[in-house]
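Coming up is one lone chain in structure tokens, specifically the form predicted alone.
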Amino acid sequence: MPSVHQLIIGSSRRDAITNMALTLRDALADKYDAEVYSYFAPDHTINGEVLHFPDMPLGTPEDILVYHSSFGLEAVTKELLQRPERIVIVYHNITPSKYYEDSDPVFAEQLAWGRRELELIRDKVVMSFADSEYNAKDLSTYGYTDISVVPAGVNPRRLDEVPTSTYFLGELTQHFPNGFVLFVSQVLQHKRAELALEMVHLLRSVWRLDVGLVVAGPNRKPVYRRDLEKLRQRLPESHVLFTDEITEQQLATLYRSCLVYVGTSEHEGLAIPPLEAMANGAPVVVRAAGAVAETVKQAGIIVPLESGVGELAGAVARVIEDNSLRHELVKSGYARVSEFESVDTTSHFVKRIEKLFV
């Protein structure tokens, strides 16, 4: 049986790429030897579903290695160039290094290397996928052609069967008796969590809304996290809860109980949290970064990227204060999720892979 293994850089149940790869694995496993391997040791949340890259068997020139491109490591590039398998690339976008050149030059170099890697492995790539039009356009600048735009493996309703945690909901209600705005993301500089903190300060001090903010996501950059804490201390009305790593049940509870989901990112190759928020009945307000607008479409309020935090706060305030608007956004969100799911992207991906074995 030929193999179609996938390679991701890191793995976590709270990582979108990991969840996409696992969905694809389940579909591919009907016809191929298919596993997901992580270059770094799998996170404790994975429970053995992702294997460690050193354990990946060496394939043949007839086999396929699906590489999820989102970062850059020279050791990974070397492996890709040396291994005999044909490469299929799934491009999730690589954050521009400029966001980290001052604060984390090593991380910035790795991001820059990821884009260099796109050029180095291009001749070994036999098929290309991008999970948004924005990503396809970016990938094409590195000489890639015939790129299939398929958000393969994305499942906005993946939390449908996850029950709400009444205990966690009680904690949230105690902390925010009048409700909260939700920010879901890894805590990284280009996600611009500081805008969310400034936004809730304005909601409380200018709009006089007694609401809080939940920043839900793993702490990837301790220095940036400390800067956010300093900002919170400087803003007297910044009522914020940082959850750090959370469970799937806690995430589902946050989506279902928040007043508004807000996205402040500066750069997004594909925006999955807004889709998950809409699938769980949350109205969405986001900045128009990267692929966000094409993902959310008319189902949420999209604030121009060049707008200030005041406009962002104003949009969130309108949703909180206007029940009719909130209802329309929730309704539009459900419709957008249904539209997104109307195309079976996973099956499309598998059918494309099948053509490589004809």
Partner chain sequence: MRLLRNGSNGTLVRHRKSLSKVGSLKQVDIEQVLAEIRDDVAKKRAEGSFPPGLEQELEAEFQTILSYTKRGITDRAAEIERLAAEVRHNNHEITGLTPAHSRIPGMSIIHRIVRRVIARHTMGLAAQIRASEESKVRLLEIFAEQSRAHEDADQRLVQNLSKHVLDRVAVIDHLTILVTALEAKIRKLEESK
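None of the values given here were measured: they were computed from a predicted structure. Numbering follows the first chain given and starts at 1.
What comes next is about the form predicted in complex with the partner chain, which is not displayed.
Residue stretch of 167-175, 131-139, 146-154, 266-274 approaching the partner chain in the predicted complex, non-hydrogen atom distance within 4.5 Å: Selected range: 167-175.
Non-hydrogen atom within 4.5 angstroms of the partner chain in the predicted complex for each of Met1, Leu28 and Ile94: Looking in the predicted complex, the three residues Met1, Leu28 and Ile94 all stay beyond 4.5 Å of the partner chain (heavy atoms).
Contact residue in the predicted complex, from Val88, Leu111, Leu202, Val187 (heavy atom within 4.5 Å of the partner chain): Filtering the options by heavy-atom distance leaves Leu202.
Contact label in the predicted complex: Ser103 to the partner chain, heavy atom within 4.5 Å: Residue-level check for Ser103: yes, a contact with the partner chain.
Distance check, Trp207 to the partner chain in the predicted complex, heavy atom within 4.5 Å: The answer is yes: Trp207 has a heavy atom within 4.5 Å of the partner chain.
Distance check, Gly314 to the partner chain in the predicted complex, heavy atom within 4.5 Å: Gly314: yes, in contact with the partner chain in the predicted complex.
In the predicted complex, Leu213 touching the partner chain (heavy atom, 4.5 Å): No, Leu213 sits far enough from the partner chain in the predicted complex that none of its heavy atoms falls within 4.5 Å.
The partner chain in the predicted complex - contacting residues of 238-259, heavy atom within 4.5 Å: Stretch hits, in order: Tyr255, Arg256, Ser257, Cys258, Leu259.
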